[in-house]
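The chain below stands alone, shown as structure tokens; this is the form predicted on its own.
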């Protein structure tokens, strides 16, 4: 296990370098720049929010981030600042450290994604078990139809229906702001419902396959019941493929929170990341992208470790992931 974790950390470092390089070059390849988009020829600013930046401040930004230096100097400056947590300030928020912006907004996006995954799995696992145990019955058909419907509808469309039903018509939950747990209900459901459909179908198919395997036949031959087969061995083996989807699922949810945060007025990182990309705010783009990459890689590492915990054969072989 220790060797596996050490090897994965080496892969993560390499992946981090590659991701930071790709992000840097794509960012630089985008047309326009923060200077050109926000400062006119006489220092007059323009833009949606009339962001004021003087030529003197711009020159100090150029000097601080070495924007006139070779690309590798600029890239290394971003990476070093991120790793050492001395990120400096973004272009658009020169009076607020980038680290402070991340500390204030990233927990909102991360918690929204993690709670949505927890809620989705809590519902998807029972649905998948019921559909597999009652395979090809009306219960299976009804459950999978509901799952397919939920998967086919985008989260922002689901959010609109939830806002109308629970916010506008019944007033059961607030629809804007962030002052307590009740403000999380509708955003979490908006993200969790599509995931419930996909995960329940995934688990159903995997569980049906395991229920027709030889080791389950042996359980029945020894006098075991369907309950023994499902909860004794088949379910644990069926959860392994489902667990592998959690890492990519977290990545998708965290990027998908951008629409949900905007619709429900949540102060998450998705909002400032989109604005940074539109404004060509290079420091904030780099720091956000690298942070997302680190979180996803750590989640994938945890998934592989859980893999080994659930299946001792994988742990003993040392070939997790």
Partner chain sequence: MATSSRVENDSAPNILPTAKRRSRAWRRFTKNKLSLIGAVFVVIVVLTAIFAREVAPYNPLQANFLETYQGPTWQHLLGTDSLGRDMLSRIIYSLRNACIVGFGAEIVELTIGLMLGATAGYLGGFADTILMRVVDVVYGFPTFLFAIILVVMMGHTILAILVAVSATSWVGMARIVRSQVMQVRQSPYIESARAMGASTWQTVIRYVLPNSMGPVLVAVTFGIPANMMIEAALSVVGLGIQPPTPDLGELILVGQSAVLSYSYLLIWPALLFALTLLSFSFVGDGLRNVFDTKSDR
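In this text the structure is predicted, and so the values were computed from the model without any measurement. Residue numbers count along the first chain shown, from 1.
Absent from the display: the form predicted together with its partner chain. The rest refers to it.
Heavy atoms within 4.5 Å of its partner chain in the predicted bound form belong, among the stretches 219-227, 105-113, 154-162, 118-126, to residues of 154-162.
Although the partner is absent from this view, residue 258 contacts its partner chain in the predicted bound form, with a non-hydrogen atom inside 4.5 angstroms. Although the partner is absent here, residue 306 sits far enough away that none of its heavy atoms falls within 4.5 Å of its partner chain in the predicted bound form. Contact check for residue 183: no non-hydrogen atom falls within 4.5 Å of its partner chain in the predicted bound form. Heavy atoms of residue 67 never reach within 4.5 Å of its partner chain in the predicted bound form, leaving it off the interface.
For the three residues 92, 204 and 302, a heavy atom within 4.5 Å of its partner chain turns up in the predicted bound form in no case. Of all the residues from 257-286, those having a non-hydrogen atom no more than 4.5 Å from its partner chain in the predicted bound form are 258, 259, 262, 263, 273, 274, 277, 278, 280, 285.
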